[in-house]
Ligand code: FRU
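As C-alpha cells, one chain now follows by itself in the form predicted on its own.
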Amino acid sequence: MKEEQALRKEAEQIVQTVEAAGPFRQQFHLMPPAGLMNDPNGLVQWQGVYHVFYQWMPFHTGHGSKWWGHAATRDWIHWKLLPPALAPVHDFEKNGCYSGSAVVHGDLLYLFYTGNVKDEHGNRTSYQCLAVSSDGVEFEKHGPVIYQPEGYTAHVRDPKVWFEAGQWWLVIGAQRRDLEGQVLLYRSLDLWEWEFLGPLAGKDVTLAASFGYMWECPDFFELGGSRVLLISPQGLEAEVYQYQNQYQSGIFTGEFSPETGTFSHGSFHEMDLGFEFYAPQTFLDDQGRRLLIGWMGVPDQQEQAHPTIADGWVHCLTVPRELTMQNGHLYQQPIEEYRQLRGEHASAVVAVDDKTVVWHSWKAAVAEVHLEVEEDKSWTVSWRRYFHISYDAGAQTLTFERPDLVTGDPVRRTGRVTGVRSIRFLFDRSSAEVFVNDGEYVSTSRLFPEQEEGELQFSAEKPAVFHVDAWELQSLQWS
C-alpha cells in the first residue's frame, strides 16, 4: 500500500535523524528510538524469540495516532530494533493502532489491537482488529473482528487474548454508557469469529460500588493457584496510602469458571508504590514464567515536563519482571537474565548514628544496589541527592520522594509496608525500580537528577547498620 510505505519511510527518516539521546538516555530499559513511547503491547515468545511491541508516536513527543513499535531478543540482553509492526493507515484505525496483545496459533503470529477512529467532530469509534504474520516482522491486516457492543461508549479497547479449556478467550477494557468501568469477556474457536459473553468484572457484576469510569489494559491469567485480573482503572479518588498517581494499575484475585464465564474476586490491590507505572502486560514464556513489562509513565501526569523532550524522546518501559504469588500476595522480581549486565562490584557495611553517612567509594550512576536493613529501625537512603526513600518503623510506612517535575518542590508517594528487611534498586540514567523484601512491594519512578555521580547517602534516627552490595550495570546490546 503506497500510503503506508510513504508513512513508514517518513518515520524511518525521523529515527535516523533524531536519535533519542541526552544525559537521561536509558542504558538497560527499552525506550523509543525517537518520539513518544507508552503501553507495552503484544508481549509474546515465538520460535525462541521474545517480541516486545509498544505504543509509539514517531513524529513528535506528544500523543496522537499511535503506531506499534517493535523490538525482539532471544536472551533479554541482545536486542534487534525491527520495523514498526502497525501503522495507522486504514479507515478502521486512522486515528491510531491502539494497545492489544499477541498469540501464536499454528505457524502464525496473531496481533489483536484496537483501531481508533474519530470523525471531524471528535466523535470516537473503536474496532478490535486482527493482523497476522508468518515471519514476525511483516503483518497483514485483516480489519475488525469485534465491533462496539451495545450499552457501552466507544471507549472499548486493549484486547488481551489467550487459550484455555479448548478455546480462545479475550478480555477488553470498557466504559458503560453510564460511565462505569468494566472488563468484557469474549470467546472464539478460531480467533476470527467472537462471541460476546458480557461483562466479566466491574460495577453490578462483581462490585457493588463504582470503581472508576474506565478500565484500561486488562490482563487475565492464572498464577500460583489464583486467578488474577490485572487492570488500569481511571477515575479513582486519591487516598492517604493508595491511588496517589493520576491513574493506577493493580489486581483482583479470585476464581474463574470457564464453563460459566464468571469471575469471583476479592478487593483491589495496587501494584506499585512509585510515581510512574501504568498499563502493564504479562505473558507466559517457554520456561513457564509469568513475565510482566509495564510502561514507566502515567497518562496526563506531567508528561510534557520530562526534560528528555528536548532530546527528542519521552518515556520508557520497565525491566521485565517475573511474577509469583506467595501467601495470596503478588511478588515482582527482575528476571534472572539481567544479572548478566553486572560489572564492577563493591560491598560495604555502613554504620549510621546521628549523622548522614555518604558511601564515597561508589560513583556509578547506572547500578544495581542491594541493601539489608534492620526491620525495627527508621531510616532514609538518598540517591544522587535527588531520590529519597524513607522507612518509618513506628507507622510502618515507606515513602519515596523526588522533586516535582514542574515546580521542583518535594513530592512524595507513601505506602503501608509491614517491615523492611531488604531492598534491591535498579538505577538507570533516569529511573529507579525498587524491589522491597524480594519483590513483596515495588516502586517505579522516573528520575532526572543534576548530579552525575551515583552517590548514596544513609541516615537514621537511631544507630543502624546497612549491609550494601552494588554492581555497575552494562547497557543492553542493540543491532
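In this text, residue numbers run from 1 along the sequence as written. On a predicted model such as this, the values are computed, not experimentally measured, just so you know.
Missing here is the form predicted in complex with beta-D-fructofuranose; even so, the following discussion is about that form.
Task: 4.5 Å heavy atom contact, S443 and beta-D-fructofuranose in the predicted bound form - done: Answer no; every heavy atom of S443 is more than 4.5 Å from beta-D-fructofuranose in the predicted bound form.
Open item on the list: When the contact criterion is heavy atoms within 4.5 Å, does S99 count as touching beta-D-fructofuranose in the predicted bound form?
Closed with: Looking in the predicted bound form, residue contacts with beta-D-fructofuranose include S99, since a heavy atom lies within 4.5 Å.
Open item on the list: Taking any heavy atom pair closer than or equal to 4.5 Å as contact, tell me whether Q55 reaches beta-D-fructofuranose in the predicted bound form.
Closed with: Result yes; Q55 sits at the interface with beta-D-fructofuranose in the predicted bound form.
- [ ] Please run the contact check for A174 against beta-D-fructofuranose in the predicted bound form: heavy atoms, 4.5 angstroms, yes or no?
- [x] No, A174 is distant from the partner.
Task: Contact at F28, E368 and S430 by beta-D-fructofuranose in the predicted bound form, all three, heavy atom at most 4.5 Å - done: None of them does, since no heavy atom lies within 4.5 Å of the partner.
Task: Candidate from R402, K141, R157, R321 lying within 4.5 Å of beta-D-fructofuranose in the predicted bound form - any heavy atom - done: Of the candidates R402, K141, R157, R321, R157 is the one lying within 4.5 Å of beta-D-fructofuranose in the predicted bound form.
TODO: Consider the chain as shown here, without its partner, and state which of Y391, Y186, W76, Y278 has a heavy atom within 4.5 Å of beta-D-fructofuranose in the predicted bound form.
DONE: Spelling it out, the residue with a heavy atom inside the cut-off is Y278.
Open item on the list: Which is the contacting stretch out of 220 to 228, 350 to 358, 157 to 165, 130 to 138, given heavy atoms within 4.5 Å of beta-D-fructofuranose in the predicted bound form?
Closed with: The contacting stretch is 157 to 165.
TODO: Select from 297 to 330 the residues with a non-hydrogen atom within 4.5 Å of beta-D-fructofuranose in the predicted bound form and write them out in sequence order.
DONE: Result: P299 alone.
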